[in-house]
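Okay, here we've got a single chain as structure tokens, the form predicted on its own, with questions on binding and movement later.
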């Protein structure tokens, strides 16, 4: 009887995990962090850090986005063992949906059960202010892509799964508590993810508002789909770095994203650290 063909994606994840397990040297991360545009400095708050460039991990793509360092950081944050991505992968860099999702599946293989994914986003909701943080209550995946498409992901976990409460209500409640205690302004709203890299048109923003979206950016959705595919609990946090195109006359650019992130670094680190500490 012919031997069944090996699952390519599962084999790649296992090969990458073997390299990372040697690097982790017995450390077992519980919480995964994905640090988006301008938000990488949180990795510098991780205690007892160890660093591993994406390029040194088999089958990992390299990050080319501005401000994305492109490495894993292992250590402790808020007293918990964490594994952070200092920078992420995007579809607009030329990565497939599965390549974007790969590090999330890899984190799960290494024992991570909770994922905190962060990004900079534009505000569609006109009541939001630049510098606010928005805790994601749900998302609209408008990338046109899904990392679970194909036969290989079905060999990791069953391909049909619920996206109800994709952003864990318990984690969001903890984050809201931390924000209230520390005087950090937060919103709670629906995130819309696009492929990019061009910013949205004013007409698109008007349409997205009618759909119920509060923020918009070019990441997150594929990561969260992958996390829910394997049963990880997810908390999503956006920094409102700009008003979306056409809102109050806004015309977004990459420079303002980094400027706002630098200004809000202290509160961002306090919010994420406080959340992780209570998990």
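Residue numbers count along the first chain shown, from 1. Quantities reported herein were computed from a predicted structural model and do not represent experimental measurements.
Same protein, other form: the form predicted in complex with ligand HPA, not shown, and the subject of what follows.
Undergrad: Against ligand HPA in the model of the complex, would residue 120 count as a contact residue? Criterion: heavy atoms within 4.5 Å.
TA: Judged by the heavy-atom cut-off of 4.5 Å, residue 120 is in contact with ligand HPA in the model of the complex.
Undergrad: Please tell me whether any heavy atom belonging to residue 238 falls inside 4.5 Å of a heavy atom of ligand HPA, as the geometry stands in the model of the complex.
TA: Residue 238: no, not in contact with ligand HPA in the model of the complex.
Undergrad: Just checking whether residue 199 would be counted as a contact of ligand HPA in the model of the complex - the rule being heavy atoms within 4.5 angstroms.
TA: Residue 199: yes, in contact with ligand HPA in the model of the complex.
Undergrad: Contact between residue 33 and ligand HPA in the model of the complex at 4.5 Å, heavy atoms?
TA: Residue 33: no contact with ligand HPA in the model of the complex.
Undergrad: Given that ligand HPA is left out here, which of 225, 60, 234, 216 has a heavy atom within 4.5 Å of it in the model of the complex?
TA: None of the others qualify; the residue that does is 216.
Undergrad: Using heavy atoms only and a 4.5 Å cut-off, determine which of 257, 271, 13, 20 is in contact with ligand HPA in the model of the complex.
TA: The option sitting close enough to the partner is 257.
Undergrad: If contact means a heavy atom within 4.5 Å, which one of 65-73, 22-30, 44-52, 216-224 is the stretch that engages ligand HPA in the model of the complex?
TA: Careful reading of the contacts points to 216-224.
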